[in-house]
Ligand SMILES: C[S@@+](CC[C@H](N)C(=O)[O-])C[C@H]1O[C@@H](n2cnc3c(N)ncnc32)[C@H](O)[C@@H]1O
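First, one chain by itself in structure tokens, the form predicted alone.
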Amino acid sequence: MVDAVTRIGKLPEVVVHPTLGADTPWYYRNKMQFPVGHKNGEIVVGCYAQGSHDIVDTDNCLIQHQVNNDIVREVRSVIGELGIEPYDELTGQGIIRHVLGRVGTATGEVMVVLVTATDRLPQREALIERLKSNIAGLVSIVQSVNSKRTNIIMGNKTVTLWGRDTITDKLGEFSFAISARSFFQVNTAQAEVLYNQAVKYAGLTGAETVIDAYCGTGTITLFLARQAAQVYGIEIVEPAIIDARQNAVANNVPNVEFIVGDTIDIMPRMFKQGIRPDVIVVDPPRAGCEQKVLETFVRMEPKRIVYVSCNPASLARDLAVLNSLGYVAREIQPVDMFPQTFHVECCVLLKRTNSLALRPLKIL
């Protein structure tokens, strides 16, 4: 992060704090998605070797929750015994493409997702009974059908084969329903550290209006709502907004409103309606924000911007843009969200200077 902010962002004066490490840096991932295939006549389930689609058979991934490792071992064994063929990328033949595991670390609830190339799942009932018997905490078995010749893992059709459609996990005081397709941070404990840091940088007193851009399923939004007067979450993915609204109701958080749409379009509309955010929190995809989005933030003239990012390079680029527009990065707090990898999440506090480089939004 220091290298990115100085070399890419050209902002050598920004304070980058020591990284907040994880108390549990092993067996932490609550979500696993491994390809299934054949190698030397044997069924293999595991990770792709770097830069290839050669599957490295994996019995005990040291960063996966142990239940996810149990799922891998059980699925490998049972599909072999039942004669359910793995999918072959080269020929397009076979059934099982990927196996996914999701674990509610606070609840112990487990979901198994089988990604198949066809609607047909041979030996379906026998497979279900075997998983039910041997996977501790299992409450959901889901089939995702992906018949396309593609690298995308999940298909458009999702069917619950047994049990519930979702599992439940907790972040802080909040409970979240997680479906097969839901986004949820893979490191539950460190996600709570990150979100608490975002709330800290937001500097809320209980009187503020906050906009949470790219809010996803509303995890950060609910954390902010504990200490703000009103929080608006904006997200272009409609299923995520549906989940966010359900999460707000389930956690009895009334001072949030979730809006479907593109931030570039929604925020000027909110401005026209008289909404003036004191704080904007943004947690964009790895590619960061388009310049028009950053300019929209600036034109709304919040006192603070809190930028959460999983990509130091795109973050540094965006911080340089915001700096040129009158919002200066004061401090950066890295969080080790993904121990044993080079990836890092960062939370940045930006404050408005006296002079802005853009005129306020016009009310059209």
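Here, rigid core means the biggest group of C-alpha atoms that superpose within 1.5 Å across both forms. Residue numbers run from 1 along the displayed sequence. Note that the coordinates shown come from a computational prediction; the quantities given were computed from them, not determined experimentally.
The same protein has a further form, the form predicted together with the named molecule, not shown here; the description that follows concerns it.
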* **Heavy atom of each of Y195, Y214 and G261 within 4.5 Å of the named molecule in the predicted bound form** => yes
Answer key, the named molecule contact in the predicted bound form at 4.5 Å (heavy atoms) among N247, T166, T116, Q185: the residue is Q185
The one residue among L161, A189, V237, A177 placing a heavy atom within 4.5 Å of the named molecule in the predicted bound form is V237
Only one of 133-141, 105-113, 228-236, 150-158 sits within 4.5 Å of the named molecule in the predicted bound form by heavy atom distance, namely 228-236
Q) Using 4.5 Å between non-hydrogen atoms, is L224 touching the named molecule in the predicted bound form? A) no
- Would you please decide whether P284 lies within 4.5 angstroms of the named molecule in the predicted bound form, comparing each non-hydrogen atom pair? yes
*Using heavy atoms and a 4.5 Å limit, would one call I220 a contact residue for the named molecule in the predicted bound form?*
yes
Does D262 shift between the shown form and the other one by 2 angstroms or more at the C-alpha, the core having been superposed?
yes
